[in-house]
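Shown here is one chain on its own, the form predicted alone, set out as C-alpha cells.
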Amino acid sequence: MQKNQLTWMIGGPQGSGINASAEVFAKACSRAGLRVYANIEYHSNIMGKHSFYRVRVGDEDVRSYRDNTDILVALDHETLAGDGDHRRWATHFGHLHQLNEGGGVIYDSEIDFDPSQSGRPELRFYPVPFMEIIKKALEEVGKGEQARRYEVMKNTVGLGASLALCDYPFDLVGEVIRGQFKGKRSEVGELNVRAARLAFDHVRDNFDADGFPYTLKPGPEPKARILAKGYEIAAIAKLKAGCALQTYYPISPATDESVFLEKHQREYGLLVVQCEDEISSINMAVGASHMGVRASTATSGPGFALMVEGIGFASITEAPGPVLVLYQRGGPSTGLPTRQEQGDLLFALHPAQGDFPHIVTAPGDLRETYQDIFSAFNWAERYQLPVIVLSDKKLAAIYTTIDKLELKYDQIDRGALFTGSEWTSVDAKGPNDGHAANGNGHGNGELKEYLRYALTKDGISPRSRPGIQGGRFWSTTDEHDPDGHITEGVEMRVAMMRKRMGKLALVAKAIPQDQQFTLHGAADAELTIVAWGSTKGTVLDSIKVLEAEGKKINFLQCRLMRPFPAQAVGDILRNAKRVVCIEENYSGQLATHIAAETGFLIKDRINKFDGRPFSEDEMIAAIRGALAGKTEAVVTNVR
C-alpha cells in the first residue's frame, strides 16, 4: 500500500516565482497536518539562471530530501533537458532522469519539447497552456490584454495542475494563496487562485488524472506546527536571547537572517546595521559588546575572512561577545556563493593569529540552532569571549515543519558584572615584574580599585559598562596588565595568557553534554558514523531505512567543536567496531580535528564536495558502501 507521501519539484529561471509556489504548497500541506521538508537550489545571479525547489511531504517526519521526485513542474525547456544544448560544458542535464517510475511531468505547452525524445517512455507528460490559462483568468476581470504582464503567474498555474494530478484538495491551497496577498494586493491573490483553479480543471478535463499513481491526502488530524526557514529560526533565537545589535554586510546565504531581523527590529528593541564592510561589522559588534549590550553578526566564508582580526580583538580584550553565525558555503574565495559546503570548520577553529579562547559550536538541525544560538549569548557574556555558531547554506535555506520550538536551557546569564559597590582586591593585581607601583600606578599595597582584567581565581573578571560609577577602564589589543595598560613584562604575559586560555576548561565543564555530542543508536553497532552539522537529518533518515533492513548502525554527532570533548569522543571511537566519517567537504575536516584532539585516526572517510548536500539516497548508498568496506569521495549522484 502506498504511503501518504509525495515529492514535488518545480524548476524554472530565477525570477519566475518558483519559490512562491513551492512555499504555498508546503504551507498548505503543513496546515493540513502533514510534515514538510523543502529545499531550494539556485544560482548566484539574480535573474535568468536555472533554479529548482523540492518539497517532500508526508505523514511521517522527514529530515532530508530524496533524489527522485513524483511530480515535476517545468516552467522552461531547461528544467526538462538541461543546458547542454547551448553550453560548451553543461552545468546540468535537466530533471527528467530524477522522476520516479510513472511520475508526472507538467510543462508549458509553448515549450518546444517532444516527450518521445525524453528517453523515459514510462513517464506521464501533461502539456498545459500556461499563458492561455493566465489570459482566461484575466479576461474574467477585464484584463485579458495584459496577460504578458502577469507571466509570473505561470508558477501558480503549474501548482494548480499538480493538485489535480496528486488529488490534493484545491481549497486548502487556494486559502494559502489568498493569505499571501493582503490589503491592496488581494485582487492579485484572487487572480492567482483563479489561474490555479483553471489549471486544476484543465488537467481534470483533458487528462486521465485519476490514474496517476502518486497521490496525497491531508493529514488525519491537522495539528498546529511551526513551518519555518532555517535563517528565521536563527534570527528568532537571537531575539529570544535579547540581542540588541546585529551588524552585517550583505553576503549569501547569511543576508536573509539580517533582513528578517531588520523587519522586526522595532518590535524587539533591536538595532540592525548594514555596515560598509565585514571589518566594520565585526568591530562594531565587539564595541557594542563592551558597551554592555548583547551583540551579534552574521556572515559567510569570504566575509568571515575579513573578520578574523576583529575576532582576535574581541578575545584579547575579553569582550563579552559577539556571537557570530557563520553560514558556510562552497569555497575557496567567492567559490559557490549559493551552494552547500562544510568547508569552514578548521578556519573557524583557528581564525586569527596567536592562541586565544573562543567557542565554536555546530548545531545539526533547527531545534539545535535555536538552542545553541540562545546559549551562545550566555556563553559569550559568562566567559567574556567571542562565540562562533557554524551553520551553512542547507540549514539557512531549508523550509520545514517543527513540532515545537523550545529551549531546554532557557535562563539568561549575563555573567560577572561590576556594579560599583565591589572593588578588586590587592591579590588580584598579579605580578608587577619588580616594579614598585601596581594597578593604576599607586604604590600603596592596601589600596583597592576596579581592575577590568583582574587575575581572579576562575579567570573571569567582573565587567563594567558605561555609566557605572568607578567602573572606568582601559582596553587595548596589545598585551596588558590588570589595569588594561600595555605591558611586555614576562610574568604578566604568562599570567594573562593563562587567565584567558583557562576559560576553555571552564567552558568544557559547564556546557551540558547533550550540547557537546550525541551518540544516536546502540553502543554495540557494527558501524559507527561520525558526522557534524546539517548532515544530521540525512544520516538519521538513512539509518532508519537501513535498520529496517537489519543493519545495526549508530551515529556520533559532534556539536561542540571548541573546546572539544576529546576524552568522551575518543572513548566512543576506540570502543567502536568500525568507524567512518562523513562530511560535505573535500579534506575531511572533522576527521582531521578529531585526530588532533584525540589521537584517533579515522581512516575511512566519505566526502561530498559538489556544492549540494547529501540526499537520503546518496547517504544510504555511501553507508552501504562503508558496510561493504568501500569508502570514497561522493562527487554527485545527480547529473
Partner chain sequence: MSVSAPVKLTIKDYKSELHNDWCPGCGDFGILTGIQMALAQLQLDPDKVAMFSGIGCSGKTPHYINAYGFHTLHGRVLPVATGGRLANTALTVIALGGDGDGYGIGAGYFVNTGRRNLDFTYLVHNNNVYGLTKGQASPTLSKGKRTKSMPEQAIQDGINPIAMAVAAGYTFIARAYALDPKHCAQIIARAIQHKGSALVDVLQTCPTYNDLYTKEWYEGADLPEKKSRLYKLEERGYDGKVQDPSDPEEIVAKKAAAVARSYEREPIPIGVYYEALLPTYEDEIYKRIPSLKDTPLVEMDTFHRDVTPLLEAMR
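Note that the structure is predicted; figures quoted are calculated from it, not measured. Residue numbers count along the first chain shown, from 1.
Heads up, the form predicted together with its partner chain isn't pictured, but that's what we're talking about next.
- Looking at residue 310, you'd find a heavy atom of it within 4.5 angstroms of its partner chain in the predicted complex.
- Heavy atoms of residue 562 never reach within 4.5 Å of its partner chain in the predicted complex, leaving it off the interface.
- Its partner chain in the predicted complex is not approached by residue 334, whose heavy atoms all lie more than 4.5 angstroms from it.
- Among heavy atoms of residue 169, none comes within 4.5 Å of its partner chain in the predicted complex.
- The partner is absent here; in the predicted complex, the one residue of 339, 135, 290, 204 having a heavy atom within 4.5 Å of its partner chain is 290.
- Comment: its partner chain is not present in this chain, but in the predicted complex one of 130, 374, 532, 379 has a heavy atom within 4.5 Å of it, namely 374.
- With its partner chain omitted here, the record of contacts in the predicted complex names 405-413 of 356-364, 405-413, 188-196, 102-110, defined by a heavy atom within 4.5 Å.
- When contacts are defined as a non-hydrogen atom within 4.5 Å, none of 346, 507 and 592 contacts its partner chain in the predicted complex.
- Residues 469, 470, 471, 472, 473, 474, 475, 476, 477, 478, 484, 485, 486 are the ones in 469-496 with at least one heavy atom within 4.5 Å of its partner chain in the predicted complex, listed in sequence order.
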